[in-house]
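Alright, two takes on the same chain below, each alone as structure tokens: structure 1 and structure 2.
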Structure 1
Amino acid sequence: MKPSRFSLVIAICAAALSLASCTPHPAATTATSTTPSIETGGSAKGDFGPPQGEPIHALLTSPPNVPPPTHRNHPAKVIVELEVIEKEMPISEGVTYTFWTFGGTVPGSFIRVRQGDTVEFHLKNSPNNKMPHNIDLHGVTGPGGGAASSFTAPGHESQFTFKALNQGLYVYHCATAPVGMHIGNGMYGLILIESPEGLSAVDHEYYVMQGDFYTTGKYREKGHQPFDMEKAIDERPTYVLFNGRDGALTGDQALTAKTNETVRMFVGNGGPNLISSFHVIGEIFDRVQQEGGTHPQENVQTTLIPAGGAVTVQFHTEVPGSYVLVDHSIFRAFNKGALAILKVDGPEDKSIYSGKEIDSAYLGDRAEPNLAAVTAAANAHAAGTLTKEDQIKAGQQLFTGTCSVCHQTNGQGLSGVFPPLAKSDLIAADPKRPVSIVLHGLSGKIKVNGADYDSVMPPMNQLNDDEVANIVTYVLNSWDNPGGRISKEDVAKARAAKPAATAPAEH
């Protein structure tokens, strides 16, 4: 195919390194144009002239809160002051991580302005910080989205001004080298540039942002966990989280609504690596502004959010219960933390849904959000004061989320399908064997308390050593089992060893 005149012009311009000053002749453009052009007016249509009135100080909010609508009919000068804070915070129960934040939270403070506003941006880098930082706002028209003008050393402040020409929902992030590490440590957030007429009124607006995190330890491995650059480069996250913490939006922190309300969520994806398949289990998005753009799509089940992208989703609540926000790349939800809850209260509507609600089917250990016992055990272990009772309490929490789906909460199992752990003669015969069974799984014929089983238990080696130690200690000390105690070291040994041979079938 012969190159068109248009692409030739571009090629010549690019070669001359003077694209900006090189405008193709109109005739050249029409020569290649087969589809009718859509008149967008370009960014300039968002320029409503100079700011009017007194400057306004933007009200910034921490996630999951969203600032109120601007309710303005004219462009203003809006002053945004955002401070970068490096701080240690929990990333999961009993696990801490040194986050780098915009405003002290992950994601960073939510910024809300109106199209046409002139934004005077102040970026402060706390004197307690160790690193230089800057900010690239995707809603800025200009090189680097502000990054070049905002490089700020610890203890310093920088300032730049931009006109918010395009309406939409935009990600902002740090762009200081190594960029991936700054983003991976939590340096991202959202800025909403409202359309001139504003958004429709809804009952709730929430701010949720996904991010992937890379720690040297495994998922939920206790203690302080450093950033793992190698895992980050290989795109093998340890955590995939909503709002920067495993369980940030579950239990008492769950998002809330009532039945018969409209909920709008501003959902971003900071990455640094993954794309999100954002889904709310049990709901359908009535409206989605994909990629934060202007024209909505309707009746969507799952929407893609690119790394460095955002969506606005909206839905109406009809039926009470727990709605689970997930990345539908589902291992991320159940094994890396990408799970949040919207709790909807109100009267049942049996004409829409029969009403049998089984939270645990989807929530796992988040159905019972009190994992405090797990943290207490981790702290006691770190302090060298871990008691058997600490382990039993922590183990009970973990058993509920991991084992009870098959062996049942009371350890009785299900006749002919899942063997009992209660008063199990197999456990009594060898109290350490359950450790190996949990880590390596079990299949083939076994006899427990006189009944035959010939099934498969999948290995659960995603559990940490201390989680397995606590679960098995709980099992040993429950339901008339023989008692005893399993240590983290016992588990480490069993993990390194070969799987226990399947017990010979006794007849």
Structure 2
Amino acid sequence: MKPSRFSLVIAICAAALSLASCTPHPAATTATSTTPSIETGGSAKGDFGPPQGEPIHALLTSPPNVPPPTHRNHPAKVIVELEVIEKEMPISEGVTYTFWTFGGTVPGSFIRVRQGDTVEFHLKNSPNNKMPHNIDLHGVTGPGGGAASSFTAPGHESQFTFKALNQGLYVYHCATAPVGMHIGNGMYGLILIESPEGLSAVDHEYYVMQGDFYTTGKYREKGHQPFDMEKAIDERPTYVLFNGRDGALTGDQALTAKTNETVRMFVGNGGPNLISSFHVIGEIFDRVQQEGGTHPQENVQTTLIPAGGAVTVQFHTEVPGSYVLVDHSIFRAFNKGALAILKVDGPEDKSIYSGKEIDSAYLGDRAEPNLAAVTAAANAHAAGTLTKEDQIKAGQQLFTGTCSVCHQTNGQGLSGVFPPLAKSDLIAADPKRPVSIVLHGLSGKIKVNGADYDSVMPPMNQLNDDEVANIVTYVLNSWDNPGGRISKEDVAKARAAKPAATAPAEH
């Protein structure tokens, strides 16, 4: 049902009033016959005269891709055409949500122009949409960042023009009342206004944007989940995500690079509520431009990005591996979805990072009593008298020192993080599968005892065949599992076999 003309007028007024505080204001300039002009910073330097040459239609890209550099030495007229699309999409595995988008993606299309450009902006509201929308670009000098001129009903198109006076990386978002709901449904993105000289050349540029989402159902609760206004007002997000979906930048969608390359990330925070503590585990940012501004900071570990803010980070890759992007408010990463992967391929450099060199038990004064059963089992195996009971006793001691931190001494695991080993349907389905998991690790989505898990278990290659056999035998004979026995020969065979790449989806 389309809003009435009266309701549209009221909404326009409300949006204009509510966004007044979001409008960028250049510093005041005074000029009299006796007082010289005061320098006002970037905007005073950003008017390079009228556009030159033929108009250019901006190339817009979907995340995590970034348009190519402008490579121009003059200002141009740049035409930007952006469509608002309301669409149902997955927010997590088996969970859908009705997103409101700029360009059909969350975040919206990446816009790249040059300082001094004259931008003719066309905002289109799909006739299939139900709501009016507009756009506030933080890189616009003018009322509401363009919001006051771009209020657009479904099936309509609005146009306004602005000059890109200030270089930098800026957020844009919808500013139609209720503003928080429009942003909370995914209506945000980034616009880069390049300096006249452009940015330094890098091997990769990526577009990543964090947002917090508020659904009536719990995290990963299946089915279609509507927006929850009460949670949004109370700032209690169900999801905190990079690029609008749980796992959007993991697995086959992970960002990629090779060793000895330079990576630049344009990182925004759409909010609507939370501040992001952006961090890449295993990397240090060589260069950070807070707020996407002009003056960089160097050698930064974690950088704050306020809601409605952005940052440009740059770093060089030295050694291969999977580098995890997180909001370092860490429960958001591992329990609400704010996690992504940069997969770096290439040769090792042991002078930079050795990998694990030693993994030995450190038990102090408890070494003898704790390892007594392990020693007894080893002696029994050498004598050819090893029993299942010997293995269970040794396996219990090894499990306590190796596995119990994640899976707990009672085998119950940690809800939503590490799956249970107790009365496990995964183990019951294939009692020898735990051998392969211990040896080769396991990652990806998995269902155990009716609950979903999406975590990573690293391969435990430091364990020898006897130790793996004893641990798995202990697990098989504990906590109502099916029983049975694993031999050293079983482990040797599994060690030589090619591991499964990922976990099965269902058990």
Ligand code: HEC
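Rigid core here is just the name for the largest C-alpha set that superposes within 1.5 Å across the two forms. Just so we're clear, the structure is a prediction, and the values are computed from it rather than from any experiment. All residue numbers here follow the sequence of structure 1, with the first residue given the number 1.
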Properly assigned, the form predicted in complex with the named molecule goes with structure 1
Core aligned, does the CA of I191 move at least 2 Å between structures 1 and 2? no
Would you tell me if N379 moves between structures 1 and 2 by 2 Å or more at its C-alpha, with the rigid core held superposed? yes
For S150, is the C-alpha shift between structures 1 and 2 2 Å or more after core superposition? no
Shift in angstrom of the H407 C-alpha between structures 1 and 2, rigid core held fixed, comes out at 3.7
